[in-house]
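Form predicted alone, single chain, as structure tokens, below.
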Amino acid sequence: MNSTAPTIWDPLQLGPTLLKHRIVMPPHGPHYGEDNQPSERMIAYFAERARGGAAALGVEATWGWRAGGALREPARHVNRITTWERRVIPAFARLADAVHEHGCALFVELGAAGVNDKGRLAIDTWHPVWGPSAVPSPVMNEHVLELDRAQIREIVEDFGQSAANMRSAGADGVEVHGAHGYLGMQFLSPHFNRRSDEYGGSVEQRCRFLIESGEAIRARVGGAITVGLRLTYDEFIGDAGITPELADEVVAVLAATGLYDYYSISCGGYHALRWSIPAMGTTEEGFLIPYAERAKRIVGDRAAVFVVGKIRRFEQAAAVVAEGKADVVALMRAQIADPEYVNKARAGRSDEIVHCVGGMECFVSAFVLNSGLTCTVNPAAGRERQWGHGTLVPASPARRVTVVGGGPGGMRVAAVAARRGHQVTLLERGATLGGHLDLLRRLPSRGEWQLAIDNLARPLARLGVDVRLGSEADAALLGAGGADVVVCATGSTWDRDGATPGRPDRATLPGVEQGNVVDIGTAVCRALADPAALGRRVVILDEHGTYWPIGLAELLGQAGVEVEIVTRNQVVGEELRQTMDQGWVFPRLAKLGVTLTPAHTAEQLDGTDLDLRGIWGGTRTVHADTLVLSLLRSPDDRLYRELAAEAAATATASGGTTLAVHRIGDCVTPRAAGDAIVEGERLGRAL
């Protein structure tokens, strides 16, 4: 390590913008826009992270081109925002003011979808899908119309207008999007750019679009704001696309122009989007650092280099800068999970950081469901106006609160209630905290769920919560325990009756009463203890497409067990397709010989013979030493109902107040961990 090298806390001049240190948040799409401009929710979201210490914040890939522009109709991307219309300037000015209040810079990304677009997104603006060449997206499945020179000129001019608008709004800079499969990257990619004119062919000519974009921006703003460029360094489709070697050439060409103040190094495209936002248990920490180091060697002192890519540990971020591998570290999901990440790291409170677990709720909520970004481990993400900094009110009066259940919801409500000043006791009948996450984390590639458990457990000790493991609670004990409030966070249990909404003709699966039928939770416990315990051949009947059957199949497959996953859905692992886990997990299952059987239901089990029926016809019989049911779950709400009934009876008899009883999470109805954490936050604030 060079003792004269800058540290991560040293300021950095980026054109006219002085960053107060070297940790930023890169452009990302929370999809909170309203009327295609920043909303109050979006402003609060970014202000929270500016308050948390970030040196600069990046706003999502705004539509910087009129043809892909302001979608005002009720369409899937109606909450995306645009920059080329002057009407959006006041909203961006409010965003810039909110960020600047905390000494943080604001950069706005300019983009266009290119081939990764849908022509029917808005009812009044149907249009062809345009791209550098007539090469379709691997995801959108629409024919592509090649952009002509006039359209390219229009895009370039609109980028210039967008930059001028952002300067008027008070933004500190703009960043041209040349990554993740969008138009700027498409011009660079040999796969998408097959033009024979001045925009195709050689590397220099494929860089022309980004050069002209930079020139148009500089013509409108000069050196008044910072101008950056985001680049994919590896498209992960081999020589057909952008390779690191090709990216080196691109960076050399662009750096020679002097148009850009920084280059933000990323990766992936729509053929391999899973690399752009890697899920839990996939890539190593900081996997793009070697690419940033390559770019820095080429760029030298002509521009700064940013690096992203699953960097969560502050120590790694600091080393990147100290070792000269990049000038700036861009942490996205780390600061979604904990807006105070930077302040905590700088104050030496890294042990208090709430870590991202890579669960992909942010991606699914914002990009897949388009419902606005949320975060499993940070229930305040997107809800900063209600739950952000300074919103927690001290309890008055403070009460004695007993929480039953040490899963995600129970731990969250206990911490929030204690933070408000309540005296909190948490009872967990097991030997560890975490609930179902403590079992899930033991499956292949799911170890990062331990981070979620640690995120929730660490505050309990700091806040003085009385945690009692191995404590079985019943109504009599709680009724006599002196608590003012009892919160039941007792979770749920896996069903094993074989019922499925896919077979309304029956209430159960014939043969389900046999001894070789187990629920998925029991199966995982047995397999973790002894992978051979379930027999030589195991069939998993899956209802919901979650990770549980996939993880069990991999665990068993690693031990040489023959496994088949059967689902009535059209694909196995429906949820994994949304989280982009499929591209990582399924190749491993294929190597292990796991059989995937979608669009089938089970007819009956007779001994070890399981009859399957195809949804579209056909039947077959398979051998199953054990049939594992990954079906529905039922709330474990017996304790809640007993306490609630007793409290109601006591109140009726006495005519006064009595024990307050609440329930949260799976005890209400089974859902994801994020739902339980949100309910824990909400109830903890209300007690």
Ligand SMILES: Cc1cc2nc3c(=O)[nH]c(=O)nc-3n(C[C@H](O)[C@H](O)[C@H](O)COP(=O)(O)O)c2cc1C
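The first residue of the shown sequence is 1; numbering continues from there. Treat the numbers as computed from the prediction; the structure is a model and nothing was measured.
One more form of this protein, predicted together with the named molecule, exists but is not displayed; see below.
J.: Since the chain is shown here on its own, which stretch among 630-638, 658-666, 643-651, 53-61 would lie within 4.5 Å of the named molecule in the predicted complex, judged by heavy atoms?
T.: Looking at the partner contacts, the answer comes out as 53-61.
J.: Answer with yes or no whether P38 is in contact with the named molecule in the predicted complex, where contact means some heavy atom within 4.5 Å.
T.: Flag for P38 set to no.
J.: Would you please decide whether V308 lies within 4.5 angstroms of the named molecule in the predicted complex, comparing each non-hydrogen atom pair?
T.: V308: yes, in contact with the named molecule in the predicted complex.
J.: Indicate whether G33 is a 4.5 Å heavy atom neighbour of the named molecule in the predicted complex.
T.: Heavy-atom contact with the named molecule at 4.5 Å: absent for G33.
J.: Quick check on H28: any heavy atom within 4.5 Å of the named molecule in the predicted complex?
T.: Yes, H28 sits close enough to the named molecule in the predicted complex that at least one of its heavy atoms falls within 4.5 Å.
J.: Taking 4.5 Å between heavy atoms as the contact cutoff, choose which of D158, D172, E109, D327 touches the named molecule in the predicted complex.
T.: Flagged contact: E109.
J.: By the heavy atom within 4.5 Å rule, which residue out of L331, A96, I225, I242 makes contact with the named molecule in the predicted complex?
T.: It is L331.
J.: Is it true that F187, L188 and L246 each have at least one non-hydrogen atom within 4.5 Å of the named molecule in the predicted complex?
T.: Not a single listed residue reaches the named molecule in the predicted complex, so no.
J.: For a quick check, can you give me the residues of 361-382 that have a heavy atom within 4.5 Å of the named molecule in the predicted complex?
T.: In sequence order, C362, F363, A366, F367, L373 come within 4.5 Å of the partner.
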